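Presented as structure tokens, the chain that follows is alone, the form predicted on its own.
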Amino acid sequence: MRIIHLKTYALWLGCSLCATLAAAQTPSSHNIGGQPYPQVNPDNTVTFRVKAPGAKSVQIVLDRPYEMRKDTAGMWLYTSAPQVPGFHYYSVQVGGLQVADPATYTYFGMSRMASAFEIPEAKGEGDYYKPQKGVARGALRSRRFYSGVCGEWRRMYVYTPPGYEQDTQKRYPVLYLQHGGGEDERGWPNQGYMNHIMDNLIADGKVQPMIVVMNRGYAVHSGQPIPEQQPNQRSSMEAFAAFTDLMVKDVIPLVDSTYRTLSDREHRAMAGLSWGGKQTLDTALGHPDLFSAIGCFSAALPMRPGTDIGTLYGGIFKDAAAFNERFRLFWLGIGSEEGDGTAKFHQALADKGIRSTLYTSPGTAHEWLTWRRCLYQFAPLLFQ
């Protein structure tokens, strides 16, 4: 995923200045327990500290490497420019090798494990993705399964809503929710906080309680070579070649046979971010008998200048009346800093008579804050 552009910021100089600022700094919420650094400062700058007394140079890698300064105790320090609110990946670079900061939890992003910090939103604005006191909690389950399509053991995460274990007769609609390229099935639970978002929405009575299924998007057919994921690079298209078959032949039947689902198309939806948005379109539009609602968050869209959308996805957009009857919700979300491609796609659909909903996240780019907001806006519209 793209990291938000950062401006060069001057290093803090002198221990006395560091001591003055220390009282106002807050350890990042992604730090391993008890670790004081990275620290998020009141002006949204971030101070990093790495202990590497034998290193000749150390960099903090944000949008690019930034040189750290070594103190007399062998600690390397760097304070960034002010950061925008939201989730940020970063790495430590020593000798040209980029690694995770041992002081933080790690997250699979950019096709490798990386560290992260979070810049809080203004007071109250991010409450919807934080655990709230008094709110009942759903369960997040890690499910191993064997895929005949891929010829391998795989893992998916399954969110079941509060009350799932208590009322054993109740059945639920299902949302299949996909991560983007360079991340994996851990993205939505770990970076996206989807379980907190769903718990809070359910507690507020804004959504129909539902099961949410999150799969690893990388899938190749059994016997085919698995493309290597290069760190800091986008995955090749071949890495996703079998995904739709995996969903249709393995995942959906397994979920419907294992969990208490409402297994008709009217109670099944799919959504995804970035490349996961493309996978959503490929899968749901390719199998309209299985899905009744679609959500695309910053999706990789097939639009090119001069494209007639009536020719896309086997001509499914040619008959607007049939499409509108078949899909009760076709939802598009995008960050305001991501360009106008999604808005153009929305307009092209409207020109064909296709109903779609467009949401623009203010002030955000291709990042997790955009996608958290998208899920928060999209989920209440499902299964109503």
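In case it trips you up, residue 1 is the first one in the sequence shown, and so on. Because the structure is a prediction, the values reported are computed rather than measured.
What comes next is about the form predicted together with another copy of the chain, which does not appear here.
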Problem set entry | Contact segment among 162-170, 120-128, 275-283, 81-89, judged by heavy atoms lying within 4.5 Å of another copy of the chain in the model of the complex | 162-170
Exercise. Can residue 287 be called a contact residue for another copy of the chain in the model of the complex at 4.5 Å between heavy atoms?
Worked result: no
Exercise. Is there a heavy atom of residue 220 no more than 4.5 Å from a heavy atom of another copy of the chain in the model of the complex?
Worked result: no
Exercise. Would residue 95 count as a contact of another copy of the chain in the model of the complex, using a 4.5 angstroms cut-off between non-hydrogen atoms?
Worked result: yes
Problem set entry | in the model of the complex, residue 184 touching another copy of the chain (heavy atom, 4.5 Å) | yes
Exercise. 100, 301, 150, 251: which sits within 4.5 Å of another copy of the chain in the model of the complex by any heavy atom?
Worked result: 100
Exercise. Taking another copy of the chain in the model of the complex as the reference, which of 50, 40, 61, 316 has a non-hydrogen atom within 4.5 Å?
Worked result: 50
Seminar exercise, completed: When another copy of the chain is considered in the model of the complex, the residues of 365-384 having a heavy atom within 4.5 Å of it are none
